[in-house]
Each structure stands twice: as structure tokens, then as C-alpha cells.
Ligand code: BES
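We begin with a single chain expressed as C-alpha cells, specifically the form predicted on its own.
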């Protein structure tokens, strides 16, 4: 898809069709009102209708802002893709309202996405040319171009994350993720450090090392860093990069293993965020730490009843080898705090618990932490970006469920109650005291992957966490 702005009048722009957003039928010409009423066009259901004789494509939208506008344009582009159309034009002013460039671009680009790499009969996707007429806009052309460029940078990274998540584990493993990190670093002037298993063992990162030791693919600790001149602060992002999770010796069921390529969703989100910072001229220093690991079975697999020593010296009794993501994150959190000083914010992202899906559904990110102020800031970013979060509260009674008879803590509790929260409290053991109020845990288990399309998300990976975090960073000074 190629999106450009034009200051030509709409009727002087050559295009196959004109896209018209319909909020109120009464605003249309009489003949168009009559036509849409005849086909039962619903202005509240993102309905679409193509009037071939006039080369006009109508799409309904009851509210011309935020998620409604994104859903409107995603509905339009999905329908247009089925037509033999190469170019589209529309006016930025619709129903006497100037639409926001970033919102409509998100709808178009995210709605158009499909993952067809492994389809044997897939045709090369036609590149749609989209021209937005800005003649009547009240904003300066340079500002609009900047908004367009930023929106394209963000949506491009989201789609990159989607494709990483959707790639099968035979083709995407820890070394692949490390190579992607190197490419992202090269393209965005980031520093990139990759550590292998020798480093993990030498530096006491035994929790992460043991999760991946039965795999034929070596585990990789990835550290990306974006460092602008005179940064306003320092942000650390930690991602769970389980390129595949069989459950280990606590083997998942056959059905439970299907879609476990999505377990790299947290690490992939960190890659997507780091890929966008330069384009957005981010004024904060940002570090991305990813534990890229494959959890497999075999004679060398770690076992229930094992006791592992994490990087900070905490001992962990393994009760369930399928509670592996928190082990990887534990060491990655320790590494981040040991290597990076004067942190202002530290967020971790992980497809961590099925319990989060039970609690909040398939669209919402479970958010946990000690600071109500920080959670409120993240909620504000969620409202602005369109990603959904739900706050799951810690309490004084749950930590005792993590107590072990032979070690400091267990990696999996005996009770299924509050499974997402106890997983968050497990990670809390690896956050230093001075960073407790700076840390948020984001469980993206439901939001990162879906086998049923929803909103402007297609089947598979969604890129959850990317837009949310970028919006959080963008609005830190407001």
C-alpha cells in the first residue's frame, strides 16, 4: 500500500474510485440516499457499498474518531481488496470534519494486513495507491506529512511484529530473532549485543539457560539500545521471546501446542518498538532486552523438582516446566537492572498465562504493578492508542502461594486462582527495591494472537503492545 497526500482538488486527482465516509445519509445527494436505503445500508455497522457506475465506494462510520474511524477504514480496505481496484482517493474532510491522519492510516494499513507467505497459490499482492486530498485542511502541509510518516512507521512495525509471530517455529528460532535484532539495529542506528549460552552460564542466568537447554537451538539474550543525544530519561523494555513452547516435560496437550509460535509475542513487541524509535525522533534512551529461547523436551530437558538459581541468587523450585516464560523473564529483568543504571521505567511483555485470557478475554492486556500512578499513565496510553488494558491488582495475601518447602519460591502455584497475578508476583521477586514503583508487567497472552479476526486484526499475531508503548513514551511530557 502506498499512501500519499495531495493538495490538488479532489476532482482533479486521477483514481479508480472515490472513498466516501457516511455518518449521516441526509448529508448525501438525494439519489445516493435513495440508493443506500435500497440496499439497507447501516450507518452504525461499518457497512460498505460499491457504486460501480459512479466509481464511488461508501463506508459507514457513526463516530469519526479514534477506534470507530480505524474500524471504518479497515472495513473499507478489506472490501476494496476484493475488487479489481488499483487506486483510491478521498477527501480528508468528511461530513464537515477533518479526519486524523494517524487514525485513518492505522485502519488502512492494519486492516489490509494478511500473512500469506506459506500459501502455495498466493498471488503477489497488488499495491494499492491511496491519495488523500488535503486542499481544505486547516493544518500545514508539513505537519500533515509528518503525521503521515509517523503513522506509517508505527503501522509498519506492528505488521512486522505480526509477521514474526506468524512465522512457524521451524523457520523462526532464537538465532533468527537475534538476526532480526541485528538488522533492526543496523537500520535504526541502535547498538546490539547478542549473548549465547556460555554467557548465561558464566553470569548465573541459570533460569533462562535451563528452559532452553533441551533445544537444538542455542538460547540468545538480546540487548538493543537506542541512545539519542541528551535523553530526557531512560526506559527499559523486557520481552519474553519463546520462539516455541512445547511445555517441556510438563508437556502441553496436542491442541495446546497449536499456535505456540505466538509465545514470542513479548520479545517481538520489543523488536517492533525498538524499530520505530528513530523514525519518531524519540527523546528518551530506550533499551530492549529479549530472552529468545525454545522450550523443548529430551534427555537434557529441565525437570519438575529441579531447583534453579536465578541471576540475583533467588532459588526457584520448578513445579511445572510449562511455567517457563517467567523463568526467562526473571533472569532478563535481573540482567537489565544490573547492566542499566538510573532507570525511569521498566516494562516487561509476555504471553505469560492462559489465566489472563480467562480473566480479561482475548483482546485485553493484563497490567500489573505497584504504582497506581504508573498504571494510570499506561491506562491513558491505552485509551489514546486504542489498545485495551485491564488492571489486575496485587494484594498482600497472594505472595504466600509462591512459597517453596525447599527453595525460596516455586515457579507455579498449586492453586489455579489468580494465576495471572501470582505470575506477576513471581516476577516481582526479580525487580529491585528501587525499581518497584517504576515497573509494570504486561501479560499479552490474549491480545497478542487470535485465531479469529477481530477489529482491524486478521488471523494470527496482532502486534499487541507496540502502539500502546509508543503512545506512552510520546506523551510522557504531557
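Numbering follows the first chain given and starts at 1. Not measured: the values here are computed from a predicted model.
Just so it is clear, the following notes concern the form predicted together with the ligand, a form of the same protein that is not shown.
Participant: So, 240, 320 and 352: all three within 4.5 Å of the ligand in the model of the complex by heavy atoms, or not?
Facilitator: The answer is yes; 240, 320 and 352 each reach the ligand.
Participant: Taking the ligand in the model of the complex as the reference, which of 106, 348, 331, 245 has a non-hydrogen atom within 4.5 Å?
Facilitator: Spelling it out, the residue with a heavy atom inside the cut-off is 245.
Participant: Can you pick out, from 252, 100, 139, 81, the residue that has a heavy atom within 4.5 Å of the ligand in the model of the complex?
Facilitator: Of the candidates 252, 100, 139, 81, 252 is the one lying within 4.5 Å of the ligand in the model of the complex.
Participant: Can you check 90 to 98, 158 to 166, 321 to 329, 385 to 393 and let me know which stretch has heavy atoms within 4.5 Å of the ligand in the model of the complex?
Facilitator: Among the listed stretches, the partner-contacting one is 321 to 329.
Participant: Is residue 59 close enough to the ligand in the model of the complex to count, meaning some heavy atom within 4.5 Å?
Facilitator: Although the ligand is absent here, residue 59 would stay clear of it in the model of the complex, with no heavy atoms inside 4.5 Å.
Participant: Using 4.5 Å between non-hydrogen atoms, is residue 260 touching the ligand in the model of the complex?
Facilitator: Because a heavy atom of residue 260 falls inside 4.5 Å of the ligand in the model of the complex, the answer is yes.
Participant: When the contact criterion is heavy atoms within 4.5 Å, does residue 48 count as touching the ligand in the model of the complex?
Facilitator: Residue 48: no, not in contact with the ligand in the model of the complex.
Participant: With a cut-off of 4.5 Å between heavy atoms, is residue 412 one of the residues that contacts the ligand in the model of the complex?
Facilitator: Residue 412: yes, in contact with the ligand in the model of the complex.
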